[in-house]
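So this first bit is one chain, no partners, the form predicted on its own, shown in structure tokens.
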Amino acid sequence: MRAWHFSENAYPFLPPTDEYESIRVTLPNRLYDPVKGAELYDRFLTEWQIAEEEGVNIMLNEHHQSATCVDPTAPLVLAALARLTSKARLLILGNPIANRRQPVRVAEEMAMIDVLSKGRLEAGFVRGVPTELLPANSNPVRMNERHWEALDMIVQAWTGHDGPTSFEGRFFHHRNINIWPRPYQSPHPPIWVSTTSPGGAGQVGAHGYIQATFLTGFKGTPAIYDAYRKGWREAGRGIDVPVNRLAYAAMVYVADTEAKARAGAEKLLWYVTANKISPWFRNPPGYSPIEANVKMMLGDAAGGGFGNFGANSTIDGAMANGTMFCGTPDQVFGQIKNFYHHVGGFGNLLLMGQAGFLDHEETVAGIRSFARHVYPRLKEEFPDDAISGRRDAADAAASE
């Protein structure tokens, strides 16, 4: 199993939540102090470097017009990390290509970072959360189609080495694709795609890309992974699905005592409790399939939507749901092991180990506790060459 330290680069110095309508899209940027912001960037970069020193890989993401993630251009931070680090794999999860107008530019950015890092890039792509459609001036309809077409164009740009080629799709057109530099890795960097629905996971599996899912817990994750495995097999990729094709993201905090761990985890929950979003930004018309909207109207939280974290807003609720792993090293190892077997296995653990007011010392303590006392056991117990399979019948029935 590979582990990745993940921070959303949040800016937590905000008024009480009852004094603003939404933390995303409309929150006035007069509330942002650039001096404090510069200090936060410095500490986040340092924390990623410490993660590398502890043998943990690095993950970052990108959001727009949101205090929850003050990294609107993740490729710039990734380029800095390509020079500040030398060993860790560098995962961007990811590029919101359905909201980008020039996929070839994304291909160029990622190829350059792959060369800068000497082949350590893992290139992730996302459809983009619904709150970012308005900031991107994008149409919520047919985002999935735009996403997959843009990704096809990027792969074409990475793998064409004999002069200009053209791409003529439904949404994107480019007559002269011939990027310099080309990627360091051949034929291209590993591709990740993040999705939280079985329908999306089936497409990812059919393409053979790495599937990542975020905070989908005991209830939602099994169906997503099963759909991935089905898509993989139906595409003729073989019966066996390697665990290294699957990833799970959760909030994680480890300490030498349960009390210290819960104190750190309480601060991590800022990501959930401060994530106040106006209803009209959560699910713009055309963003979610009709079936998902029907489930949401019937009160099924697994049906879709964004920003409805429910029981995840408490430590006990989040741990019961499988969206948080918290405790001593023995406790966290047991929690991850239980989750691993429940979902049928996964090979990448994306650790949200910093959020809100979790300070630098607390963040570093959490990284080191995990890296030194949990990670070695995970790597021994769950090797990278393991096969991901259907869960046992009892688990499968319980989740359906």
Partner chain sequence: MKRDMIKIGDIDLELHEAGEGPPLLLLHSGQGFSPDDPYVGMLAKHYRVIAPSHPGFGYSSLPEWMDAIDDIAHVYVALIDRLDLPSVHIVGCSIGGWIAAEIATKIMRRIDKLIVVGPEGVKTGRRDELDIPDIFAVSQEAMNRMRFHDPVKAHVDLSKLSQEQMRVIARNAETLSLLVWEPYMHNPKLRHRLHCLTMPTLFLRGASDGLVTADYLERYAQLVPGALIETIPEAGHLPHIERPEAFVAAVTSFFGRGA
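If you're wondering where the values come from, they're calculated on a predicted model, not measured in any experiment. Numbering follows the first chain given and starts at 1.
From this point on, the text means the form predicted together with its partner chain, which you will not see here.
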item	value
Its partner chain: the contacting residue among I224, L133, A255, L121 in the predicted bound form [heavy atom, 4.5 Å]	L133
Among the candidates L76, A235, V141, I239, the residue which, in the predicted bound form, approaches its partner chain to within 4.5 Å (heavy atoms)	V141
Stretch from 273-281, 255-263, 90-98, 176-184 whose residues place a heavy atom within 4.5 Å of its partner chain in the predicted bound form	273-281
Contact test in the predicted bound form: V294 vs its partner chain, heavy atoms, 4.5 Å	yes
Its partner chain contact in the predicted bound form: P285, any heavy atom under 4.5 Å	yes
Partner proximity in the predicted bound form: R170 to its partner chain, non-hydrogen atom cutoff 4.5 Å	yes
